[in-house]
Structure formats: C-alpha cells, structure tokens
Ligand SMILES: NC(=O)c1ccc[n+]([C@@H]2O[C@H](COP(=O)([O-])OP(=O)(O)OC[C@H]3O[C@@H](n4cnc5c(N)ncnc54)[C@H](OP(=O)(O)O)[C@@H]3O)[C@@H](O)[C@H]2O)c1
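A single chain, nothing else alongside it, follows as structure tokens in the form predicted on its own.
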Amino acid sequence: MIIPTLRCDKNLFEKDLNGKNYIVTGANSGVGLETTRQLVKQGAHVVMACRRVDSAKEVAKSFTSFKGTVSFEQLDLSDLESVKLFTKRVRSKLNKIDGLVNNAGMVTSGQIPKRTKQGFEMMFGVNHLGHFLLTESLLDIINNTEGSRIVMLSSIGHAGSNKKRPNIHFEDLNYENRNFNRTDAYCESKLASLLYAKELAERVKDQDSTVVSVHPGWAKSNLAGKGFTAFVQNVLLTPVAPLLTIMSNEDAAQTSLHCLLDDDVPNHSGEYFSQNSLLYSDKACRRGGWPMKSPNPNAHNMKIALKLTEVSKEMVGLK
C-alpha cells in the first residue's frame, strides 16, 4: 500500500514573504535546508542556525537567484553557552521574528549515553533542552511579532505502540541510573518537543503567536548518520522507499512549511501535525494529518507538560 504524501497547497508557495524573518536550526541539510530554500524563494530572510557554518555557506550558494536573503550564525545545541551567544547575536540584529523552526535533531550511536557539554544525555539535551533555551530566550521578540509561529520538530517516535508508549522520566532524565536504550532516549526527547509545544501554546494563547509540533516524515536526511544505518536507509531501502514512505527532504519539508504559511494553522495552536508514515504502530495514524491526534496518551497530559517546562527551566538555568 502506497500512502500519498501530504503536500502544501500550491498557493502557499505564491505568498510574498518579503520583510519576514525566520530562524531555522539545522538549516544546512535535510528538511531544514529545504524549508529554508522555500522561504528564501518567497522573499524571506532566513537565519541559518547551524553547527557547521561553512556547510551552510556552501549550500546557500544555490540561493543566489532567489528573492530573499540568508545570514549565517553558529549554533551548537549541545552547548548551552553556544545557545546563549547565538540568541545574544540574534537579538542585536533582529527586532522581529516571524517564524522559529526548531528543526535540528540527532540520534546518537552506541549503547552508552553520550553527554552534552553541560552533562545532559545528548539526545534530550540537543533535541529538547537546546531548543527550549533558544525559544525561551527569543520568546519576547516572537510574541511581539504579529502572526509569528514556532514549529517544533517532533517525530513518529514519540507515539510508540500499545505495548510501550514513551513517557518523560523525571526521576532520571539523563540516564544516570536507568539502563540506556538509544531508541527509548530518542523517542522520549521527541515527546518532550511535542509536550513543550503544547505547554508553550497554552502559555502564549493571549499573544499573537502560534506554536505547533510536527512529524516531517521519514526523509533521507543526515539524522541517520554516516554509518550502517545511513547505508540501509539511503541505499538498501531505496527500491522499496515508496512502500515504507521514505521520502525526499523536499517532501518532508511540506509539513513544516504548511505550519509556517497556512492561514488555518493558528486555529490549531498546540496541536501535532504529521506527515504520513507506515511506521506508525497505530494504523489509524498512518495517513498522517494536519493536524492529527497523537495516539500516545502521555502527549495529551498537561500536567506532564507543565512539569517538563519547570524542570527544563531549572536544567538550563532560567530559574
């Protein structure tokens, strides 16, 4: 069974984005690059927030014929000091932020937890805490920008299955005592992204800001790394990619772009938008939805979301 890819209304790509400012993390490759490319085509200015600035400058050479512009800022989400320096630089240059796309993400390898510079488990630190500090540090500018939007990249991984639903383990967020499982850690970090979007949407509901979380789809991105996992994804599975709903980065960027550009999205602040995927254990979810109800009951628990925000503030030094 081939499930059709959800695609943006073509009219959205005709919108004039001249004068609008966007920040996209991980903008130098994969879904982040294609999201950036489309926004610049439509006349926006995009801050390409990347760990490898040289890579961003190289890929941006293909933007020279577009109406919009880009700038480059170094951002290492595994180091909170790098996040602080990034936000300081952005605040000195931008007085409005129309969209923040927390796109960058990572999966670690091995059976031993890797650590961020501040000692957090790497996936929770990068996928959630780094973006949490980034968003909170720029929130006043975002809230003061008319019609602003924040897009948090979550993942199908947050959903789990009836046998095992990911949850937030406040008693040991950094795998200091739990047996480490990199799949579990990744799924928990992506549940955190979804819950943060839900909590933040409620917190800014009286502002002119929209916050959503998305599953962009299973794309041929750098998330798989450079080892055997990448070889399986990008080579061995290519003949059956349509059946597994492995898609191009351009197709995977459709969900983020829809959430940034569609006029109806502000009516669904706090909700989850998903591309199709046969990898959903819950069959009813496989066609995706803009928006779609998560099958994980923990993704709807506002008590968990509120506690996550409070704990995250303490972890990143905002309290």
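Since the model is a prediction, treat every value here as computed from it, not as a measurement. Don't overthink the numbering: it's just position in the shown sequence, from 1.
This next part talks about the form predicted in complex with the ligand, which is not shown.
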| request: Please check if S209 has a heavy atom lying within 4.5 Å of any heavy atom of the ligand in the model of the complex. | output: no
| field | is_contact(S78, the ligand) in the model of the complex, heavy atom dist at most 4.5 Å | value | yes
| request: Could you confirm whether S148 comes within 4.5 Å of the ligand in the model of the complex, counting heavy atoms only? | output: no
| query | in the model of the complex, does H258 have a heavy atom within 4.5 Å of the ligand? | reply | no
| Of these, 167-175, 182-190, 91-99, 199-207, which stretch puts a heavy atom within 4.5 angstroms of the ligand in the model of the complex? | 182-190
| note | Across 29-55, the residues having a non-hydrogen atom within 4.5 Å of the ligand in the model of the complex turn out to be S29, G30, V31, G32, R51, R52
